[in-house]
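Next up: a single chain in C-alpha cells, the form predicted on its own.
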Amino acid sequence: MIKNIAIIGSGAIGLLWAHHLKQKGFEVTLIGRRPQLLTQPLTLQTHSGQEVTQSINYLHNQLPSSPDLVLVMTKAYQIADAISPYLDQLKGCPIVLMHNGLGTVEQLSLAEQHHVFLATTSHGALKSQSGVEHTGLGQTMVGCYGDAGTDQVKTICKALNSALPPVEYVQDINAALWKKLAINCAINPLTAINQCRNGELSNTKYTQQLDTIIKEISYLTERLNINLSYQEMRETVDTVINNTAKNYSSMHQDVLNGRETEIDFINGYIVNIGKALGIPTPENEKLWRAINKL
C-alpha cells in the first residue's frame, strides 16, 4: 500500500503532483535544495480556475525516513545529482523518474535491489510566485525499467491515478518515451529560438523543418526496432502544437530566464544516438548547437 510519497523536485510538475496527491490524502514530502522554499502555504490554480491552498511538508536535501514511493521530477540534467545521494537508502523502494528527454537513468549507479520505473506526462504546469498553475490537462504513462516488477508498477499507477488521472501502465514504455522525446525535439528548441508560443509552429514556414526533425528521429526508431512510425510522431507533434497553442514550452521559459536547458537530453540525445548508429541527424544537431549558444 502506498501512503507516504516523497517528491524530489519542486518545479512546476513536482508541485502539481504534490498538490493533487495531498488533496487525495497521501502524506507528501517535497525534497529540494532551497531551505527557504516552502515557508508558507502554496496555491494550486486548477485547470478549471479554482484555487486550492495547502501546506506541504518540505525537507532540505534529505528524504523522509521510510517513503513508500519516490517520484523524481527534476530537470533531466539534475536527475543524477538529485537521486544518487539517496540510492543506498532506497533499495527496495519504488523510484519513478518523470522528466523531459532521455538518457538519465543510464547515468545512475543502480543495484539489483533498486526498483526503477519510467514515466512521461503531458500535463502542463507553470510555476508562479504563489505556487503552481495547471495550464493543460494531459495523461501520464508509467512503465518498468529493467527487471522492475509489473505488480509494483500497477500499484503505483493506481495511487497516482487516484490523484491526477488518467495514469496508465504501459508495457512498451520505450515507445511512449520516444514519442514524448519527438514532441520535445520539435517544439522546445523552435519555440525557444524563435521566442514564440507553441501555436506559432503551425505556421507553414515551420512545416519543412518539423518534417525533417521527425524524419531524422524516425530513422533511429526504425533501426532500434521501436514501435513508432514517422507518421505517428508527426501527427502527434501537430496535435500537441494545436492543443497547447497558447502555452510557452519549458525550454522557451528556461532560455527567457537565463536558465540551463535540457537540450542535451532532447536533441542532444538524438545526435548522440545517431552517431552511435552511424545515422546523420543534421537538423537535430543544428538545433542542439543553437540552443547551447544562447
Ligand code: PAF
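The shown structure was predicted, so the numbers you read here are calculated from the model rather than taken from an experiment. One-based numbering along the sequence shown.
Only in words, not in the display: the form predicted in complex with ligand PAF, which the text now covers.
**Student:** Can you check 169-177, 186-194, 103-111, 207-215 and let me know which stretch has heavy atoms within 4.5 Å of ligand PAF in the predicted complex?
**Tutor:** Selected stretch: 186-194.
**Student:** Can any non-hydrogen atom of residue 249 be found within 4.5 angstroms of ligand PAF in the predicted complex?
**Tutor:** Contact check for residue 249: yes, within 4.5 Å of ligand PAF in the predicted complex.
**Student:** Do residue 233 and ligand PAF come within 4.5 Å of each other in the predicted complex, heavy atoms counted?
**Tutor:** No.
**Student:** With a cut-off of 4.5 Å between heavy atoms, is residue 240 one of the residues that contacts ligand PAF in the predicted complex?
**Tutor:** Contact check for residue 240: yes, within 4.5 Å of ligand PAF in the predicted complex.
**Student:** Even though the partner isn't displayed, in the predicted complex is residue 155 close enough to ligand PAF, meaning a heavy atom within 4.5 Å?
**Tutor:** The answer is no: residue 155 has no heavy atom within 4.5 Å of ligand PAF.
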